[in-house]
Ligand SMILES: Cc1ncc(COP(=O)(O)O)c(C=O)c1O
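Just one chain follows, in the form predicted alone, and it is written as structure tokens.
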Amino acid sequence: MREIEKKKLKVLYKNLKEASRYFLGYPCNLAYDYPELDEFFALSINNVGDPFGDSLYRVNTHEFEREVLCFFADLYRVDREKFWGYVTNGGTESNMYGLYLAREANPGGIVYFSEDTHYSISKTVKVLNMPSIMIRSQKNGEIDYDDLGKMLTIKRESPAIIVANIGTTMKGAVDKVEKILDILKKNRVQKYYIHCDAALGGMILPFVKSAPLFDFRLPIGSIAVSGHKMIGSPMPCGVVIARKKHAERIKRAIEYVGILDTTLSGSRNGHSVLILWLAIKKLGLKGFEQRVGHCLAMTDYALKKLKEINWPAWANENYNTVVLKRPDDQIVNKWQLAVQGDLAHILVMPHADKKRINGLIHELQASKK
């Protein structure tokens, strides 16, 4: 490599390293370290096809992927014999897969999702050509259950495909799945499918005792969770867990790699599987519980410090999203705060310590003067 390219890479690394110091607005966890995996990046690992099958492409981590999936199956309370899933390239793919299964199980079904639902859902219903109805949100970002009931009454004869947000993107609101099920029963909707978008909340709520139920103990169809968020990964990745009976509808044989494929992407990142596997082995359930406890404690700390400087802010219960009055653009850009209208938010992830939070608070206070 020429010196000019080396210099360009050094400049990029320096800029990215500096930007990472001021990173409080998005749900990526920077607190990770996987030196044990360095040697694997010299290998072309492709987890093509079904992780539960054998492939002619043997440079894969399917065995480790199965362990990762079983961890999530246990976490979300589904029998290991009755689930299917795979490690995806991110939350959008996980959500698209959930809605793809929903469509195949309920032809002609209408997708219901709230105003605060992640943009990947509206994109997905267009790609899959699924009819949809957007439901109003409450002020805290949670779905408006009354509006959902009214829409279901009008469309009672059509199968209902409902996206439940287990933590909305901007406000961290959790749609109550049990309440949604009561509304479906009240409106005598016979055919339905519930997909839970638990990109961040899927690794928070299972470790909070007072959190609302959203797992497979309820009659849901699928759950999507991100790997680069609370778990921590240098590359975007996700996991989708679904009931096996739904995945069975879409599998097909791919002769040239000698395996069934029930995924969307076909070729998949085998390195991200190793990252998730190692994080799970290093931390375990106790470690994730401690990590979530740290995030919620720092959320309370951030709210306290914001109150001290009289900066309007609030947070939904059992969640690490601090919603605050939008600061000036200089602060928004420096700290990479997600914004929406006159609101911004802080995502209190595992790397968000008091030093980082105090740095932002100091600048907010200075901006008031």
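In case it trips you up, residue 1 is the first one in the sequence shown, and so on. Keep in mind that this is a model prediction, so the values were computed, not measured.
Beyond the structure shown, there is the form predicted together with the ligand, which is absent from this document and is the topic of what follows.
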Problem set entry | Stretch in contact, per heavy atom within 4.5 angstroms of the ligand in the predicted bound form, of 145-153, 221-229, 67-75, 281-289 | 221-229
For this session: Give a yes or no for residue 118: in the predicted bound form, does one of its heavy atoms lie within 4.5 Å of a heavy atom belonging to the ligand?
Result: yes
Exercise. If you check in the predicted bound form, is residue 187 within 4.5 Å of the ligand, heavy atoms only?
Worked result: no
For this session: Please check if residue 263 has a heavy atom lying within 4.5 Å of any heavy atom of the ligand in the predicted bound form.
Result: no
Exercise. Does residue 95 reach the ligand in the predicted bound form if we count a contact as any heavy atom within 4.5 Å?
Worked result: yes
For this session: Could you tell me if all three of 141, 175 and 202 have a heavy atom no more than 4.5 Å from the ligand in the predicted bound form?
Result: no
For this session: State the residue from 269, 169, 137, 299 whose non-hydrogen atoms include one within 4.5 Å of the ligand in the predicted bound form.
Result: 169
Exercise. Among the candidate residues 206, 90, 212, 159, which is the single one with a non-hydrogen atom no more than 4.5 Å from the ligand in the predicted bound form?
Worked result: 90
For this session: At a 4.5 angstroms cut-off on non-hydrogen atoms, which residues of 23-39 are near the ligand in the predicted bound form? List them in order.
Result: 27
